[in-house]
Every structure is written in structure tokens, then in C-alpha cells.
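Starting off, we have a lone chain in the form predicted on its own, written out as C-alpha cells.
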Amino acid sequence: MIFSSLLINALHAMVPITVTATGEILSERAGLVNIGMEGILLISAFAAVVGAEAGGPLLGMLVGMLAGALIGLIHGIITIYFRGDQTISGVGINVLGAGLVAFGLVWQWGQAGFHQVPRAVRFPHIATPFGSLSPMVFVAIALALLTYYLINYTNLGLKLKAVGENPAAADAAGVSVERVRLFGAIYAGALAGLAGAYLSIDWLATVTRSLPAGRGFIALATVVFSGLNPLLAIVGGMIFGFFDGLALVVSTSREVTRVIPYQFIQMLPYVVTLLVVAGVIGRARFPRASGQPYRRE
């Protein structure tokens, strides 16, 4: 019983980390960094619930994904065409998310800080011998595999890596640096939007001002852990998911919480993620033009 609960919780907790990190990996391969993943998760979670309550869970997923893609597009336009600072743009997205959703909760449902998603508009799950499982677990793994193939075995992937390593040389070879990087920005935003929709209308079934709970930043840490390899993003997501699930199971045990405060137990996934990333951060190699705006001579 405990093993089944731990397995299901770990798989569900893996999804937002793996999906968000996978999109960001593709974007960073092209040299474009977006640290605003926490804000995109939050805004798309809110948008997904609005869409789901209007037309069902599939529409909600689509609306959440489109909301994320739109924010990615805006981030791309600011940083690629207007050469804005990528870090400042990402911080702006995080601040926008916190303010926009706090206002949106009151505007849409007349409630400050919390909205419970009705069961009728939640994403349906699959019954397994271990418990109820979201189809998004399989979607997350498939997206990581697809992105790995796209980066390593397609012409577009070759352009992404060329733009990330040496945009001037890629430009001289006829590659449109702006278009390739804009594709990366939209792709990363869309996947983060999908992950945000999963949080609100699938896994957690709520919208709050702090719904992602740092998962956007954990996804960025997973990007570092993976060394920009989407397959390792699955591993990173599973590590966080395991300890997230373990914390959830252990924190419901009265015998344990009498000795250790549950708040301390819930810190486990974040502490473990930081330790894992700290172990690899010196060895991770990123594209030479990562985070640098490109100016045609």
C-alpha cells in the first residue's frame, strides 16, 4: 500500500519538472535562457482552469499550453529582436505571474488566494493496479524522447546547436538566428504552459497564488543537472518526484511527525535537488553563446 502510494505520487510529481525542463533544454540549446518558468507555470495553471470550466479538460490543457506559448513568444521578442536582458525578462515574467493570478482569482471567482477546481473539469485518470494514474506521465516521457530526437537527429536540431554555439557562423551559413531562437522560446513556453495546466486541472486540482511551489526553479535546476540532455530530464524529474512522494507519504504518518515536524519533511525534495545540482554544476557544459543577444555585424 505504501509502495503503491509512493510510486503514484513520485510519477505524478515527476511530470511538471520533466516537461518544463525539456522545453527549456531545447531553448537553451539555441542560446536562449528563460528563468521565468515559475511565472509561466502559475499563469498557465490559472488560464487552464478558466478554459476547462468553459469547455472541458482538453480545452483547459490547450488554453494552458497556448498561454505558456504566448509568454514564451513575448520573452523571445523582448530578448531576440529588442535585445533585452534575458535574466530581467525572466524575472519580470515571475513577478507578472504572482500579480496576475492574485488579481485573476478575485476577478474570475471572487476568491482571494484559492480556487478548488470542480471534479467535472479535471483531467481523467487511468486505473492501474497501483492506483489512479494521469496519462500526462506518459506524455511527459514521450515529450522528452521527442525533444531528444529533434535536437540530435533532425536538421532543426543541427540549427539549434549551431545558433547556440556560434550564432555569427550560423548566420553566415544562411541560418536565421532570430527565427530559430524564437522557436526555442515558444517551445519552452508551450511545454511550461502544459505543465502548469497539468498542475491545476489534473494533479493538484486547485489554483492558488503559490501553486507551482518552486517547481519552476527546480525545473531550471534539472536543466543544469541534465547537461541539456532531455533524457536526463526524466531522471531529474524522477529524483524530485521520488522525494516529493516520499515527503507526502511520510508527512501523513503520525508516528513520524511526532518526532520530525512535517514542514521539515516537505523540505526534502528541494534539499535533495540542490545537493544533486551542486554535485554536477561545475561539470555541466552549456553552449558558448548561452544567454548572449546576437547582433548582426
Partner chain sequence: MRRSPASSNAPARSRTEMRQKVRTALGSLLQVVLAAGVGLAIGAIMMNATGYDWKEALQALWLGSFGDLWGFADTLAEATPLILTGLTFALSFRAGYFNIGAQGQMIIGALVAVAIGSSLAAPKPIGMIVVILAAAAAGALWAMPASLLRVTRGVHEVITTIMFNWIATYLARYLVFNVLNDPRSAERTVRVLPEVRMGTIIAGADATWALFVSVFIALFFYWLLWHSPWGFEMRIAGLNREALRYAGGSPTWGVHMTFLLAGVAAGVAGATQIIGRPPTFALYGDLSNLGQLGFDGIAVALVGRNHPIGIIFAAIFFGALSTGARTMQIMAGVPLDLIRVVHGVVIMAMAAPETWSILRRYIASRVPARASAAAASRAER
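Note that the structure is predicted; figures quoted are calculated from it, not measured. Numbering follows the first chain given and starts at 1.
Missing here is the form predicted in complex with its partner chain; even so, the following discussion is about that form.
Trainee: Could you spot which one of P135, G131, G227, G84 gets a heavy atom to within 4.5 Å of its partner chain in the predicted bound form?
Mentor: Contact residue from the list: G84.
Trainee: Please tell me which of A221, L204, I151, I141 lies within 4.5 Å of its partner chain in the predicted bound form, judged by heavy atoms.
Mentor: It is A221.
Trainee: Spot the stretch among 151 to 159, 122 to 130, 88 to 96, 178 to 186 with residues whose non-hydrogen atoms come within 4.5 Å of its partner chain in the predicted bound form.
Mentor: Single hit among the candidates: 88 to 96.
Trainee: Can V106 be called a contact residue for its partner chain in the predicted bound form at 4.5 Å between heavy atoms?
Mentor: Within the cut-off, so yes.
Trainee: Find out whether any non-hydrogen atom of G55 is located within 4.5 angstroms of its partner chain in the predicted bound form, and reply yes or no.
Mentor: Output for G55 is no: heavy atoms all beyond 4.5 Å of its partner chain.
Trainee: Is there a heavy atom of Y270 lying 4.5 Å or less from a heavy atom of its partner chain in the predicted bound form?
Mentor: Y270: yes, in contact with its partner chain in the predicted bound form.
Trainee: Does any heavy atom of L100 come within 4.5 Å of a heavy atom of its partner chain in the predicted bound form?
Mentor: Although its partner chain is absent here, L100 would touch it in the predicted bound form, with heavy atoms inside 4.5 Å.
Trainee: Residue by residue through 255 to 275, which ones have a non-hydrogen atom no more than 4.5 angstroms from its partner chain in the predicted bound form?
Mentor: P261, Q263, F264, Q266, M267, Y270, V271, T273, L274, in sequence order.
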